[in-house]
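One chain is shown next in structure tokens, namely the form predicted on its own.
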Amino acid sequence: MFDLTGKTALITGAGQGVGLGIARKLIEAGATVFVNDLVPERAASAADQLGPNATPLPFNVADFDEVEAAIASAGQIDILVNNAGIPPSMRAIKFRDLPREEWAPYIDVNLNGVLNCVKAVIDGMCDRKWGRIITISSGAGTEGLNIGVSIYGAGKGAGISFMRHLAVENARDGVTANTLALGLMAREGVEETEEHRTVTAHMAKTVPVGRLGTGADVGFACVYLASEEAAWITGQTISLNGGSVTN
């Protein structure tokens, strides 16, 4: 059950954090994985950690020419996980205070990045009559939050909407398209100060299950959605948030 042997996956933004956790679980399920990251050194380091079934594939998801060239060099992609979502310039700030010139990166990564990667793999998936596309979104894309992430939420919400249409368009070709909307996540692999640890502990208390999410939590969900057993699940936005209430 949930055997991905013989399948090849591409996970964007997998050089660290949630993406790295997803890559690890897909490999454990039998898949071979291309580890994407904007920073080549991070992609290479992550692939080294993951072992012989991982290959670094650095590119900028927001640049279609880079995406197309990199994915063409990789060959057949059976599973695409659109995980990249945090632009380097991201900061918590209310929309009214965010300069116009800072809008684009949020949309470039969370909408255009998804469009670019899907465009590069969808024809092959449809021709082979099998494919799995999973987009990692956020509760910021499904509800309003007063924490200064409005443009980030707009990009995430746009990605969710696109995936629903993509699912319907390609359902008869054996390609599924689903979204995971994440709740509060642990900052894995990041050395935290005492202040950050205090904030993290406080955040964990607000989650009904009593802890923050991990890359492994997301990875297990991706393994299921990528499997044969999930062939009848498509066009869905699944909240993965430890029981936090969403709209």
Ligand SMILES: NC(=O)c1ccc[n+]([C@@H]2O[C@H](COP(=O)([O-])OP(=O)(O)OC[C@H]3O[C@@H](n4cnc5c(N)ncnc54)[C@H](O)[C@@H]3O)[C@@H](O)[C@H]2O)c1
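Just count from 1 along the sequence shown to find any residue number. Given the structure is predicted, the values throughout are model-derived calculations rather than measurements.
Keep in mind that the form predicted in complex with this ligand is missing from the display, and what follows is about it.
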inquiry  = Within 4.5 Å, heavy atoms only: does Phe59 come near this ligand in the model of the complex?
reply    = yes
>> Against this ligand in the model of the complex, would Arg42 count as a contact residue? Criterion: heavy atoms within 4.5 Å.
In response: yes
Would Tyr152 sit within 4.5 Å of this ligand in the model of the complex, counting heavy atoms only?
-> yes
| said: With a cut-off of 4.5 Å between heavy atoms, is Leu166 one of the residues that contacts this ligand in the model of the complex? | reply: no
For this ligand in the model of the complex, the stretch among 118 to 126, 73 to 81, 135 to 143, 168 to 176 with residues bearing a heavy atom within 4.5 Å is 135 to 143
